[in-house]
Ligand code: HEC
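The chain that follows stands alone, in the form predicted alone, written as structure tokens.
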């Protein structure tokens, strides 16, 4: 969630819902927040989700992630559960402002997983306890303004149907859900943020073929890797064990660092979940696209 950017003003639909914060939901929500929210909203100085400058995304401008602690003034303490659900799905804040494309919108994640994220954000976890730390207003760059101007970055429609969880008995389908709808791995690992098809991810140019321009925390330009099963330019020669090790620990088969900021190792995934992602990637058409690695 990011601070207000003055682009569009539209009415947020009121969702009358109160999430039942069960221990199971809070635990699942913390797992998801660790993989989804923490990378952008965690501030090392405060040790909380008070937001920070996203130096790894200069192509979008000088961007600051928002304070999403319980604080009622600069955080989300006054937001209802329905406000949060509507915002995470569409990008529209309670005040009607739309947050542009640097804020991922979870349009396909299951209702249960989304409820779990809400339960965690409402919990007494130290990451989200009220904190008055205030981030400066973001200063959107040309790309952000251009995407909004041409209507390529607009609010997503709020779903009108229940979004179920995946079929956990089907390994590849579970992996598809995690990779596309829960963690949105394709968003970084396809050709370009600007060209991704978020409604139908598989139609994104260069789907999982890498080459998306990104930046490390040090400001150096890097490119996302090709993680299709192409044997020459992708991970077609990796075993399942190789993939699980790389995804969870950040080490590739040749023992060089595999994962660099802004991506982090997904240590919170179980081996079964990582294995399911590998099974799904084996069903994705291979893309021949060599991405040069720089260390």
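Numbering follows the first chain given and starts at 1. On a predicted model such as this, the values are computed, not experimentally measured, just so you know.
Same protein, other form: the form predicted together with heme C (HEC), not shown, and the subject of what follows.
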item	value
Stretch in contact in the predicted bound form with heme C (HEC), which is absent here, among 162-170, 198-206, 76-84, 122-130 (heavy atoms within 4.5 Å)	76-84
Residue contact check: residue 70 to heme C (HEC) in the predicted bound form, 4.5 Å heavy atom	no
Contact flag, residue 174 vs heme C (HEC) in the predicted bound form, heavy atom cut 4.5 Å	no
4.5 Å heavy atom contact, residue 138 to heme C (HEC) in the predicted bound form	yes
Close approach of residue 224 to heme C (HEC) in the predicted bound form, 4.5 Å, heavy atom	yes
Residues within 4.5 Å of heme C (HEC) in the predicted bound form, restricted to 22-39 and counted by heavy atom	36, 37, 39
